[in-house]
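Next up: a single chain in structure tokens, the form predicted on its own.
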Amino acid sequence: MSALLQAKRDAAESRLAGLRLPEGGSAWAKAAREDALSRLRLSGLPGRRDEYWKYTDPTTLVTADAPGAAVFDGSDESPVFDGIDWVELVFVDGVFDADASDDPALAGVEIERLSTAMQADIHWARDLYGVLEARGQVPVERPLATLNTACATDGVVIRATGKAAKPVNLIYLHQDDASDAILHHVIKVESGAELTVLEKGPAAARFNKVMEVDVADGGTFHHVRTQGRDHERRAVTHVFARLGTESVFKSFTLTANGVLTRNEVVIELTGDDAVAHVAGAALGDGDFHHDDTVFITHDAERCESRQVFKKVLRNGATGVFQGKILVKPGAQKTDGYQISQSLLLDDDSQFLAKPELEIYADDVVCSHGSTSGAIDEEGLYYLRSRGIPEGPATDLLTLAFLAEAIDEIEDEALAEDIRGRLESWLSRRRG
């Protein structure tokens, strides 16, 4: 055994020693957790020398104790997605708060707490919990997601059999400076059904979340999230999705602040004519490191995927994008698009990108592009010549830069709320 692998395995044992492993549950829940625990002990936790971690130091994500993170007082702001009629499910430092939550039945879909579902001997979640996560470990290992499957005790399971009456809004509150939260959500969208899931909030001082999403033939899943403003927080999130024939999956993430955020999305298009769009906008200032890592596999004909990521960085902030499109043999007529761009508002910030295409079919249209640059001086001059001060003019150009990512949000009300948040962030930074 190499010294590197031994160090990764030692890190896994140290992390597990600091956790209380789940007990009880049904046979399928125990089997899923034991399988994940075995896989974790075999692979170990990630280190900086791993290929997909070379741009992001995982040390503070794998240590036994969570680094502290001060709680941000956001009382001066209106709630995110204010005015949207949703069903609210609240988690406080990773623990479900039933008293602060709405009645789940109002959403018109089946919603249970993960811990409750895991007690049932027969449950639809047994075919998904840990299953999509395990499939997402090939060809790239994602040990922090495996840790989640092995150790998660809270989260929700949601099953939509028709069009949901309202969006489900998962709200993550951070109240403890030393909280270390692990949440796991399982979502099943049945054939012809439609569901929108919103997420917002910082969640914890350190947050590890997995969401497994299975979209059956003709199903539609929309996902919009904002990651909270507690600047000292650290988070690693994973979305594992499997798409059936003529299904639709669309996800957008807004990140503003956070000393370290790593968002991983792994999608399999397994049915013909499926559509998967993943987009994100990140705004970082100073001690800010944001990593989007995306892996999309085309394993059926005439499928479409889009990856659109934009990052605005200043005062030494760092942005990372690692995106891959894999087209398997037989996945003819694939349409894959990938774009990652950064706007650097000073000379101290940096953007690190690793776009990849791996294609084994001959009748495809796939493209990728990555750019990094400063504000458009010609555009800035034009706006200032029309009487707009430099600060507001820079903000307008920044919003225009982010527009392509925001346009991926299907619901215009949600998109408009995101635009408002971005304007507020830019205005605050301008002072």
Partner chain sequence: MLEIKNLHVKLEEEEKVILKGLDLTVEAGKVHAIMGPNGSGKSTLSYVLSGRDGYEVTDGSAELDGEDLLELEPEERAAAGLFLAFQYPVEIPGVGNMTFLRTALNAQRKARGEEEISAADFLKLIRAKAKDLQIDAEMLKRPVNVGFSGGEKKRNEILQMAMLEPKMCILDETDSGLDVDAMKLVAQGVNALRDAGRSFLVITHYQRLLDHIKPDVVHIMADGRIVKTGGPELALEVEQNGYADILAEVA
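If you're wondering where the values come from, they're calculated on a predicted model, not measured in any experiment. Numbering follows the first chain given and starts at 1.
Missing here is the form predicted together with the partner chain; even so, the following discussion is about that form.
For this session: Considering only heavy atoms, tell me if Arg384 and the partner chain come within 4.5 Å of each other in the predicted complex.
Result: Yes, contact at 4.5 Å.
Exercise. In the predicted complex, does Gly379 have a heavy atom within 4.5 Å of the partner chain?
Worked result: Because a heavy atom of Gly379 falls inside 4.5 Å of the partner chain in the predicted complex, the answer is yes.
For this session: Consider Asp65 of the chain shown here, and say whether it contacts the partner chain in the predicted complex, taking contact as heavy atoms within 4.5 Å.
Result: It does not: once the partner chain is placed as it appears in the predicted complex, Asp65 has no heavy atom within 4.5 Å of it.
For this session: Decide whether Gly369 counts as a contact residue for the partner chain in the predicted complex under a heavy atom distance cut-off of 4.5 Å.
Result: No - in the predicted complex, heavy atoms of Gly369 and the partner chain never come within 4.5 Å of each other.
Problem set entry | Selected contact from Ala70, Leu42, Leu397, Ala31, since only one has a non-hydrogen atom within 4.5 angstroms of the partner chain in the predicted complex | For this set of options, the contacting one is Leu397.
For this session: Please name which of the stretches 359 to 367, 34 to 42, 52 to 60, 385 to 393 has residues with heavy atoms lying within 4.5 Å of the partner chain in the predicted complex.
Result: Answer to the contact question: 385 to 393.
Problem set entry | Sequence-ordered residues of 297 to 328 touching the partner chain in the predicted complex, heavy atom within 4.5 Å | Counting only heavy atoms within 4.5 Å of the partner chain in the predicted complex, no residue of 297 to 328 makes contact.
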